[in-house]
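To begin, one chain is listed below as structure tokens, in the form predicted alone.
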Amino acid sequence: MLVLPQKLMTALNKLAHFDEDAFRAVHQSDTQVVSVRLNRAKIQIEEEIGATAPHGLSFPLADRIPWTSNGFYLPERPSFTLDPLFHAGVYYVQEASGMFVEHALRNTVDLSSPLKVLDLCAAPGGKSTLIQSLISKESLLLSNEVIKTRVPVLHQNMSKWGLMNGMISNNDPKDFRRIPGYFDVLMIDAPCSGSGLFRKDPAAIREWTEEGVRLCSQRQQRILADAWDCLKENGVLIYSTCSYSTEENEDILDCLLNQFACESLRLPLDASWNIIETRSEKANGYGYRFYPDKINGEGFFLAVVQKKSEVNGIQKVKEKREMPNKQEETAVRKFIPDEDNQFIRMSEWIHVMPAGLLADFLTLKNYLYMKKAGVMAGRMGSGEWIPDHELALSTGLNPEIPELELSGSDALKYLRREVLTADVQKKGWIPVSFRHQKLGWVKILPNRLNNYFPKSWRILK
């Protein structure tokens, strides 16, 4: 039986919309809400969904999540780890409430125009992959993670998603003061006390304290103050937490509206969604609360503000770029033939990105610690091109490259980095796939097949 913190319950009971009996009941139930968001760049699902698994997926879908275009509830939780399509980036396992970010974006910015978007607290990548699926190919998404040990999981999830207009940085929020007025959209899914995840993660109940809420609120205010300058005039800030505490939600919105020149943006809601619209106490800003007794999802809060102050942009710095040599460019063009892409060298590795984003990359690397740019295509070895794992997962990979289609059992062997055998006439580097979704590379030699699935990604169980 979950014992909810009484001090939190006392605070929540002061809110007119809060229903303590229903809230307690849903936390005592054994209901498990499972949801995924599909990668439309890799798979298309028919409008009709039902009890059987749709073509291309390994599990059935239930209802659509109403505030997002690509989100679905599942009737039960499958083993995602043992599903090759999960490793291929066909879908992302994401909590339904968090997908409300899509609704916020669609109603506050023009997604068809070229945008510069910063996801400031991006790991593990749920909000970033969602945003990347919404913005245009000409737009830039910079996903930042301040904690160095969390960058690899962000890198892995962005790589699996396969789109080419994303970059990753590892910087403190204050570092973004160096690039004032650069971004059209600033997404801050702030570190919080985590009370919205009590049902999903009972351990969070034991860790919750009033002091923890206070410290989180202070940290959230610092993050917002540090990052505010990088948002351009009329740019949009989307702020979210997975907390129920007013100190981390409406009070933070009040701090924003009182400290900076900005306007609270109201979002349209469908009454059937049962999302609670709130108003902050001092500045009357609009916030949106998700309660698990009212919606099919976990606890969540979101607010949107638009910046109204003028910003002096950064001075342009002429950066020298390291280009691949002729041999490297000829080799990589066989894998990514699209002439609208630009290749650039980072150390010995060749990266590929939309040509229009090259100037952004050259600017950002002058001010930030960049960890990934576009897709890492590979490098030249001893007289041959050695493709990187990211290249196999990229949606820009040449579709005419022959692939080795694996059975379900062989796909799991591949993902465990076990030995594979195949009767294939073609030699050299070949992408392997499951249901025609790329999983990575093998190298076929005259007497064996080498498995090049990344060691750090392999299935261990």
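Owing to the predicted nature of the structure, the values given are computational and were not obtained by experimental measurement. The first residue of the shown sequence is 1; numbering continues from there.
FYI, the form predicted together with S-adenosylmethionine isn't displayed, but the following is about it.
Contact with S-adenosylmethionine in the model of the complex, judged as any non-hydrogen atom within 4.5 angstroms, is confined among 144 to 152, 209 to 217, 351 to 359, 229 to 237 to 144 to 152.
Contact with S-adenosylmethionine in the model of the complex, judged by any heavy atom within 4.5 Å, is made by just one of P78, G181, P324, P173: P173. Note on the partner interface in the model of the complex: the residue among A123, L302, V117, A96 having a heavy atom within 4.5 angstroms of S-adenosylmethionine is A123. S-adenosylmethionine in the model of the complex comes within 4.5 Å of a heavy atom belonging to A190. When S-adenosylmethionine is considered in the model of the complex, I223 lines it closely, a heavy atom lying within 4.5 Å. Within this chain, K160 is remote from the site of S-adenosylmethionine in the model of the complex, having no heavy atom within 4.5 Å. At least one heavy atom of K127 is located within 4.5 Å of S-adenosylmethionine in the model of the complex.
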